[in-house]
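We begin with a single chain expressed as structure tokens, specifically the form predicted alone.
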């Protein structure tokens, strides 16, 4: 048996729609695999009742098929589905690493990115790599048609997850079809600022670079209490706040000293809006980790 822990992720980061992503230290999915004549899947943990165990409908099943690696697969969900924290990507990334090792397919982590992205296509309708790339590689990733660029980073963050659901398909449905030249120029500048911030582990630059006037304003309307939660986080010391992935999760970048206050402020603001939530005080961290024999 092989076991892989794959982290939650946050994609887009405001200015990097469908391109930027980061691995989070917590939460995470744990996937265990054993060789078998055909693929079977069992799912436990957060939101498992909503996840199909049919391999043809599960992201992990798509990964097993892509690698021609049938297995008995057990998924322990630590990342709730429809959270904006890369739930399906975590499972797909973990399965890709585990099955690649189990069957000695010899693919590098970078070569596993498109394999895991095929699993994502079952959820979002397209093989986007902005979540699976950081879940596999860790740190901060820039995923384009030309490949993935990876930077180690350890910027502190607070990920706040309200007890509401926003599907990836619904969130993509509100993305504008066009943007003004001024909006595009501002977004490019912000994305560049964020990237420099990641290379320096600078929460101020990263927070400033998360600003976005194209996609985020539309997606934020799907999250009850978004504006009040954002303001509360900024007042508590966050250097930047945005929608995490497709939402409803929210990501606040900060200095480590302010994490506790920001987490409390975000939870309280959601509560004032009548929404229960949970906050993770964490940081950009490592990608999928492989354990042998369940150790």
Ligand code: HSE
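Positions refer to the first chain, counted from 1. Everything numeric here is computed off the predicted structure, so don't read it as measured data.
Keep in mind that the form predicted together with L-homoserine (HSE) is not shown, yet the notes after this line are about it.
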Considering only heavy atoms, tell me if residue 15 and L-homoserine (HSE) come within 4.5 Å of each other in the model of the complex.
-> no
Using a 4.5 angstroms cut-off on non-hydrogen atoms, would residue 24 count as touching L-homoserine (HSE) in the model of the complex? no
Practice item. Give a yes/no on whether residue 246 approaches L-homoserine (HSE) to within 4.5 Å in the model of the complex, heavy atoms considered. Key: yes
Q.
So, residue 91 and L-homoserine (HSE): in the model of the complex, are they within 4.5 Å at any heavy atom pair?
A. no
TL;DR on 157 to 165, 128 to 136, 221 to 229, 192 to 200: the one with heavy atoms within 4.5 Å of L-homoserine (HSE) in the model of the complex is 128 to 136
